[in-house]
Structure formats: C-alpha cells, structure tokens
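First comes one chain, alone, set out as structure tokens in the form predicted alone.
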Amino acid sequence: MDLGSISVVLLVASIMVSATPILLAAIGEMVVEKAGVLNLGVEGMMITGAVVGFAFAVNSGSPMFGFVAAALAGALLSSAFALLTQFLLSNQVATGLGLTLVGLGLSSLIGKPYEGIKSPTLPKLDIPILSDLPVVGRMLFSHDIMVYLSLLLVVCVWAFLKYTRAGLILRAVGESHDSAHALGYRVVRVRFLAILFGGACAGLGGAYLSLVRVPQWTEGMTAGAGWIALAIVVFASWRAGRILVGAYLFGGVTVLQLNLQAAGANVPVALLSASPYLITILVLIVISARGAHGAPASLARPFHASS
C-alpha cells in the first residue's frame, strides 16, 4: 500500500465536496424535526432533486437553473407529505417511507432518457487572495459556490433558531405544539413551512450529486445519502454546528476509503465501500448507549387544533 500517493490537499478538498450534499439534506431535516415533524422521505426528495436538477441543467445549459428546479421539486414533493401529515393526520413514519418510494420510482421514470449524458457543472469559485494561499488556498478556498452556500446555510439556520422570534416559535412548536397553539401560534403553518424548507434543502443536496459530484445521472445515485442525513441529525443531537461536524465526518470517511482503495490497501474492497455506513451505525449505537438526548418533545406527534 502506497500511502504517499494520497495528497492531503486533494483529500481535504474532496471531503468538502463529498460532505456538501449530505450537509444540505441534514440541515434541512434538522429544521423539520425541530418543528416536531419526522420526515423519513429525505432519500426520495434527494433523488427527485437529483434527476429534476439534472434534466433542467441539461436542457437549459445552466447548472444554477438546475439547482433552482431541484429545490422546487424537493419542496413540491415535501408539500405532499405536509398535506398528508398535517391536514389529513396520516402517520408520519409510514408517509415518509412512502415518499421515498415515490421519489425513487419517479426519478427512475424521469431519468431514463438522460442516462449516459454529461451535464454542465458549476465552475470553481476562486476567492481572491485566499485561494492563492499556499496549501490551504486550494484546500478551502477553491470550491464551487454551493460548497460555500451550504456552510452559510448552517450559520443562518443556527442564528435563525437561536436569535430570531420566528426561530423561537418554531422550536416552541416542536417542544409542545399544544402550548404553542394555546399561545396563538399557527402550528400547522409553521410545520408546513419547515417541511417545505427541508424538502428544498434535500432537493439541493440531490442536485449537487448529479450536477457537481458525479456529474451525470445514474439511477439510484443517492445510494442511501438521505438515510445518512437522517442519522446525522440524531448524531448531532439536533444542533446545527454538530450537523456540520457529522456531515464532514461522513464525507471524510467516504473519501478516505476511496483513497485507500486507490492506494492498494490490503483490505477487501467491499468492506472499504461499506465503511462509511458501518461507522455511521456504530456512532448511532454509541450515542444510544450513552443516552444522548435533545430530540424535540413533540417529534412525530400529530397535532389537531381541537385536541
């Protein structure tokens, strides 16, 4: 095994790219769960965003237009979940799983004509002066705009939840929807908007896979990224800063196992490929054993104004 062939600069840069789609999906799902809703349809919304974003980018020639379309597609799909769970009071777990199945089937149907086609991708956004710095310049400051927007989104969500009145209301709805309703807050409206935001973020995460990380359409290309995003929300104890750490940890393991394969590591390829998922499961087991908490008190509980 030749570890000298692994470039630290390229490794760190690749980790940032690898973590971005999961970070986008996870931060959106965290907001949804902070509002007291459990949406297990992240995988379905990501794969739908991936195919819709790819199709629009290919037909328009603009990757940014593809990202906008992907966000709208994710939000539209999540609105169906919101309608079923918030107005018709269907079971959130079952509806979320159904949403994933719908997304996987819909993406397969839409994506069939686009297989084997290359998409336009985002250019590198070299930050003046910073990108010219030795070593760290290429590591941290020579990425596409979505990498920086994902980091900005984490900061914005953290500030929104901690310092704004709207963020306080959202957290209150997630902790006790009956108390929030008694105070005059519109619980269903708050949750509906949170679900739309989560869907849009998942759509962006999916589009990043098909427009930047690959960039091409392949059926099932999310490969469980939506489930990893859900796990990271638990790992992070529903905190924005820890979401960032969790996404970059998973991205790091993913990139490292690819580099180890390329370096000829004397480990079965199947085990290396499965390592990101095995480590995620291990982390969740450790968290569960330690009794880590932080979940909103009303998470996954249905709300009805007359109750």
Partner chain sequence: MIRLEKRPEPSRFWTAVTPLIAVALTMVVGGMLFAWQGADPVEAIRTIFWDPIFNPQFAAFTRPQLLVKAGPLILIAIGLSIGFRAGIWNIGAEGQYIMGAICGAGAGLAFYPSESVLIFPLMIVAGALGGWAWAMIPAVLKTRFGTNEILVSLMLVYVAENILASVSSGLLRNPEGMGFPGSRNFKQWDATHNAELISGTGMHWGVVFAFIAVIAAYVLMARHIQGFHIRLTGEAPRAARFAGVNPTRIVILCLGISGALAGLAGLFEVTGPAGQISIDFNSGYGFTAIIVAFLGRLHPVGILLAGLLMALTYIGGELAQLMLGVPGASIQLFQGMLLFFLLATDVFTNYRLRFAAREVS
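Numbering follows the first chain given and starts at 1. Source: prediction; values computed, not measured.
Omitted here: the form predicted together with its partner chain. The next part is about that form.
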Does its partner chain come within 4.5 Å of any heavy atom of L99 in the model of the complex? yes
In the model of the complex, T164 touching its partner chain (heavy atom, 4.5 Å): no
Quick one: does A94 come within 4.5 Å of its partner chain in the model of the complex, counting heavy atoms only? yes
Please tell me whether any heavy atom belonging to L204 falls inside 4.5 Å of a heavy atom of its partner chain, as the geometry stands in the model of the complex. no
Among 278 to 286, 56 to 64, 23 to 31, 240 to 248, the stretch whose residues bring a heavy atom within 4.5 Å of its partner chain in the model of the complex is 278 to 286
Could you tell me which one of V147, A180, L153, V234 places a heavy atom within 4.5 Å of its partner chain in the model of the complex? V234
From L196, A172, L106, V157: within 4.5 Å of its partner chain in the model of the complex by heavy atoms is L106
